[in-house]
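Given as structure tokens, the chain that follows is alone and in the form predicted alone.
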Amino acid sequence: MLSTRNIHYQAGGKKILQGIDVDFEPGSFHVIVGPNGCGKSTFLKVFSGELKPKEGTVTYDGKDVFKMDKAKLAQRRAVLSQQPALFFPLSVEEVVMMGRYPHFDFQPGPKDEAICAEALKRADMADFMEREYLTLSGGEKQRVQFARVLAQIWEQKDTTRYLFLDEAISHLDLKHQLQLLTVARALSREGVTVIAILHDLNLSMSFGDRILFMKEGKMVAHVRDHAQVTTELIKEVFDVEVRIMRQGEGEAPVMVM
């Protein structure tokens, strides 16, 4: 289990995160939502091990993430940001193979190549394997990067795996937004701890097993039951008025303005 305790972080004298305690269970799709500037991405960078908090702890299965071997951590934890920067004229296959770097010493083997091919299929980019990455559209590049992180945490069945998505669907069309989130949810059903930052509340409700609402650097609500998402909660967090349309039993509600 990934756990954070009393996380505080500040930059330039400004308090960004204030005392966050969360347990992220494996086998669940966790979604973090909140207004711009509330600390969502900073929190992700802290629990991914990229930023060390001013105060507090982050543990993966009881181990302090900041004391873990970086190579071992990279084998089980992958992060997909909104638009990863890559400016070298590599092929799509070479970009995806970067996800396998923590798994071999000098050269990839047949297993690594097979994993990359399967990851590209899941990302709906198999036909682009030999294309130069820099010639792709923004959405196509993001799907390649998604294949890269899939390849990174592929087949680590003997240990908990973690997939973090930081506004990762922002550059995708609707079809590929749904496809990426569907693949991520399927991974969560395999025991992967999936944590996604999303802006679309309807997608959050449709895919998230658990929705965490952030505001001003604090967690203000943890929701597992769709019935707990109310107009009052949305108003409190986002300062907007919405209507919530309740659908059939077992279906996610829809929020409209």
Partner chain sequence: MSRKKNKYFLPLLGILLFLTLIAAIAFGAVSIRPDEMLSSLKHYFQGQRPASIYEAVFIQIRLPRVLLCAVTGSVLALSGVLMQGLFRNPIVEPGLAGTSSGAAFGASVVFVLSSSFSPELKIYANTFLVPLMAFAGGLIATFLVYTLARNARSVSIISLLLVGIAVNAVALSGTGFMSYIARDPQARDITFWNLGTFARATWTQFFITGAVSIVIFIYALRFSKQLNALLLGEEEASYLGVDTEKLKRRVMILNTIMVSVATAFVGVIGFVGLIVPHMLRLVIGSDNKKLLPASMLAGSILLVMADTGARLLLAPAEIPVGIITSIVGAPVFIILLKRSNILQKGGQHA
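What you see is a predicted model, and the numbers here were worked out from it, not measured in a lab. Positions refer to the first chain, counted from 1.
Below, we turn to the form predicted in complex with the partner chain, even though it does not appear here.
Residues with any non-hydrogen atom within 4.5 angstroms of the partner chain in the predicted complex fall in just one of 203 to 211, 65 to 73, 184 to 192, 225 to 233: 65 to 73. At a distance threshold of 4.5 angstroms between non-hydrogen atoms, P102 is in contact with the partner chain in the predicted complex.
Contact annotation: S81 falls within 4.5 Å of the partner chain in the predicted complex, judged by heavy atom distances.
Taking the partner from the other structure, the partner chain in the predicted complex has no heavy atom within 4.5 Å of any heavy atom of R143. Although the partner is absent here, L44 sits close enough that one of its heavy atoms falls within 4.5 Å of the partner chain in the predicted complex. Applying a 4.5 Å heavy atom cutoff to the partner chain in the predicted complex picks out K70, A71, A74, R77, V79, S81, P84, A85, L86, F87, F88, P89, L90, S91 from 59 to 92, in order along the sequence.
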